[in-house]
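Below, in structure tokens: the form predicted on its own, a single chain.
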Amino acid sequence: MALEDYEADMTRCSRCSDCKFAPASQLDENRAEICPSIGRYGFHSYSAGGRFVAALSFVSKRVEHSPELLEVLYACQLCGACDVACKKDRELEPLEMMLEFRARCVKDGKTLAALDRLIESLRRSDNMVLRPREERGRWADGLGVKSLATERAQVAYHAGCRLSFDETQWGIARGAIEVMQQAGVDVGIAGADELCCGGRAYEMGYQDALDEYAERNRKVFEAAGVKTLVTSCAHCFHAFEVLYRKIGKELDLEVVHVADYVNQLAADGKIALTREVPLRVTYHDPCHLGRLGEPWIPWEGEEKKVLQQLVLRDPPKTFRRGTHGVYRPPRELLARIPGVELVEMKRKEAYAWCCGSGGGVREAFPELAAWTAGERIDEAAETEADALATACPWCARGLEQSAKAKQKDLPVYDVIELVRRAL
């Protein structure tokens, strides 16, 4: 769809501010906000409602591209909290509108230099973390895992750009492989030949990258006979499971996040979590695994604007409201670990606060990313937990850095790291 296709939503937005706060049933005096950018900057322009106004002004040719417009549009993690809050009693698409607005900026050549560098790295080295291609795959040295380049496997493990190149996080990827090997899973990796999923580039407005990598990844998995694709990265999960379906390039295999996959291995008795891990843990829902991990629901039909605030759709459209994200499996997995006590933060599941790393904000607006992560660390500390667990390397890195910056004694773990302790 094009930006203009959301003009009805731009005019129907009533500026109610639901996009800024959790529903009344989840409100807390100190933890009511769900949108990091409006929480940080305080101006309506930085909310979904404000961006609807900016988009309407743009398509109506009342404003043109400008540095200020780019800042409003890109100082946003695209975490989707505004989207699910808007949809609790409305049928607007703020997230889809913002994605198309960014795509228009890229098409018009109005981009951010910090993000252009990432895209150059993607084109040159097939990764979004500015590292040489030949360094990919080193994380698996010595594991004795199958190579999808030369062998067939029922299950493919996709580490993703973050885990592949960040040596401090290699233990997450290695742990996932070791757990699956212990369970007797027929698993393989692309290793040095692994490709980016294309999802982060898509969110930054470079939509052609998603098309390219969807096709290239499909060929890799088909050639290796893969039936199930497992990943530790919430961004990769979102790309493979949601975005590929959205653009009509759904993979002919099952896509599962590693927390969900390992939870099922434990439920089936294929691994035994017997060693006690005495920790009081709070869990952070990654945006791309939680509310944005809800399956894509395709719709083709006709919209008819009846009144200013009423649009009729034929056939009726089913909206993604964040209800069916991957919330339960990581929590179940933590509950299976002897000694682990799970305590929840006030903002969780569909209304969880973002870690700050998404949407290109970590690279283009590092101060906003750090502030957002800091807010989450403060919220986690309020639970009096011994540790913070999550299920995405991007979340883990940002939250860990924030905890150190704020001098909080709150170690951050990927759920798989805690599983390895219990084996």
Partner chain sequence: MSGHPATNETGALSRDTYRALEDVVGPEFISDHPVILDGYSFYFLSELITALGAGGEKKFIPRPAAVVLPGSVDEVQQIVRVCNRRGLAFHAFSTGIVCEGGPGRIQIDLRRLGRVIEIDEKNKIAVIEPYVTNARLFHATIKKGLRAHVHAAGANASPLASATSVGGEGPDNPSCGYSSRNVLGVEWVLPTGEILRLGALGSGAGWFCGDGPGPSLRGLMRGVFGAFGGLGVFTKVAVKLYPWHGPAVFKGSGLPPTYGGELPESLRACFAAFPTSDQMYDAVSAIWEEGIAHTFNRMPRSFLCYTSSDSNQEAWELWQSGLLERDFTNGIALLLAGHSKGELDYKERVLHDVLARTGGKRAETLEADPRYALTLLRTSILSDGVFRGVSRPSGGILEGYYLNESVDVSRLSHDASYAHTKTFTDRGICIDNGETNWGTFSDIAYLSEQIPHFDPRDEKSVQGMLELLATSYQKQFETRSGAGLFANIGAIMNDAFGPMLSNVHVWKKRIKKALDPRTACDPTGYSYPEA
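Since this is a predicted model, take the numbers as computed values, not measurements. Residue numbers count along the first chain shown, from 1.
Quick note: we don't show the form predicted together with the partner chain, though the next part is all about it.
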Would all three of R62, V311 and P316 be in contact with the partner chain in the predicted bound form, where contact means some heavy atom lies within 4.5 Å? yes
Answer yes if any heavy atom of E93 is within 4.5 Å of a heavy atom of the partner chain in the predicted bound form; otherwise answer no. no
Using a 4.5 angstroms cut-off on non-hydrogen atoms, would L423 count as touching the partner chain in the predicted bound form? no
Report yes if any heavy atom of R362 sits within 4.5 Å of a heavy atom of the partner chain in the predicted bound form; otherwise report no. no
Applying a 4.5 Å heavy atom distance criterion, does T323 contact the partner chain in the predicted bound form? yes
Which one of L243, I189, A350, V258 is close to the partner chain in the predicted bound form, taking close to mean a heavy atom within 4.5 Å? A350
Heavy atom within 4.5 Å of the partner chain in the predicted bound form: which of Y327, F221, Y213, F165 fits that? Just give me the one. Y327
Stretch in contact, per heavy atom within 4.5 angstroms of the partner chain in the predicted bound form, of 33-41, 394-402, 354-362, 380-388: 33-41
Heavy atom within 4.5 Å of the partner chain in the predicted bound form: which residues of 2-21 meet that condition, in order? A8, M10, T11, R12, C13, S14, R15, C16, S17, D18, K20, F21
